[in-house]
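Quick heads-up: it's one chain on its own, the form predicted alone, in structure tokens.
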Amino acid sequence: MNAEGRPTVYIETYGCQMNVSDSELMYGHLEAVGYTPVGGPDGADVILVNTCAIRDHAEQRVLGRLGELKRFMGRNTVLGVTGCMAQRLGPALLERARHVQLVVGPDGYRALPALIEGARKGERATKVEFDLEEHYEDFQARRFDGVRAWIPVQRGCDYKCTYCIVPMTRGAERSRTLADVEREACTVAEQGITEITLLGQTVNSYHDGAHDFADLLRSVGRTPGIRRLRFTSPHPNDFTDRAIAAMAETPAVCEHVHLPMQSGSSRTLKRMLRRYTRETYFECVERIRAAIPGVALTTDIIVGFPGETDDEFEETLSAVREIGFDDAFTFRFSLRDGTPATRLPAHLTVPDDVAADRLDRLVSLVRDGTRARNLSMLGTRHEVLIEKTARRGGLLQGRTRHHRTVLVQGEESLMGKYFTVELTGTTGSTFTGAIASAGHALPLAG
């Protein structure tokens, strides 16, 4: 309990931006019924670990962390696991971690207050049923960030890529109504937040029955007070001409697209069930670049997918060279129980040492390309939104519209404001810069 006698809650978040958003929803829901959020597990009455299941390493990390959290638990502390790992493992997680009392999937957060009260009485419970109507519209998120806001517009996924656990942990795709998203965007703007990121598993497949992704971008993009609009993660198949036109014609939409490629080989993409080819991916890139000159492109790439030959991997390397991504998130394939990839023949498995070598070569290629592009930008000026203090002492961290990270000298009072910044140096991935002038300076939100 805190000094006012209110129970306290701490949520530790792992995984993607959707998990960050879900933690904000849980904090807001629990605060509304009398809990006080705290910044650490020590002494908290309720500890929730909001989890990711996308790779086995993420789950092993959480299991290790659950063991560490024992030392923070008092006699009446409630420890729960929420999110995708909770959804995937369900009651089995209660057996694997006997000190855990609650296991709650992404559609069960409305029941948290009641489940916590039950746990105080010694009840151990799971809630992992899918609810295709749940969008938590009546929840007031307690946002971690006073400068940027994450707004979920879609939950679940219908694509069922062979390597991906998401359809099993987040269910079928469903979209919020445009009116609900508009309302939340207005609330965010009224709080002084000027940058929004729209979230969805395949965000550009958004459709509420009457409005598509293009409508969504245009509507949210004209919200008074919203200066920057981003979205993640899209699917290449869902970049319609309407959506690309909306991106190009809506001033708030930032000139950055994260466009997951996963592989540069059509044969590998077919085994992944990505539903596009190398050629159609390249065509999507060309359409986006034609509509938005200078757009920054980042991507996701998996190496070592079952059946990937040396030639197929070389096709991925050549795609990276030809497209010239600004950056890439790169991964070795991780087999997840329950995904269609488990049914692929065992002889297709890529040996660990081969996959590790391919990852090293890919990372080196991506880094070389990123560094070369960043060096060519030194001396140029860009609008930068100051977001937070950097890990390096005395510096602030901001981001350009193209999603490039820039470190500048300054006081914390600059956070939430826009400046024109000249890029003066780069580590290869991050820039240092000097503030040249203030843009339309905005007060720190929140």
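Residues carry their position along the shown sequence, with the first being 1. Source: prediction; values computed, not measured.
Another form exists, predicted together with 5'-deoxyadenosine; not displayed. Remarks below refer to it.
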* So which of D300, E314, D238, E249 gets a non-hydrogen atom within 4.5 Å of 5'-deoxyadenosine in the predicted bound form? -> D300
* Asked: Taking 5'-deoxyadenosine in the predicted bound form as the reference, which of L396, L69, I54, L30 has a non-hydrogen atom within 4.5 Å?
  -> I54
* Structure fact -> Of the candidate stretches 238-246, 131-139, 334-342, 277-285, the one with residues having heavy atoms within 4.5 Å of 5'-deoxyadenosine in the predicted bound form is 334-342
* Asked: Is there a heavy atom of P260 lying 4.5 Å or less from a heavy atom of 5'-deoxyadenosine in the predicted bound form?
  -> yes
* To do: Evaluate F325 for contact with 5'-deoxyadenosine in the predicted bound form, applying a 4.5 angstroms cut-off between non-hydrogen atoms, and reply yes or no.
  => no
* If you check in the predicted bound form, is Y163 within 4.5 Å of 5'-deoxyadenosine, heavy atoms only? -> yes
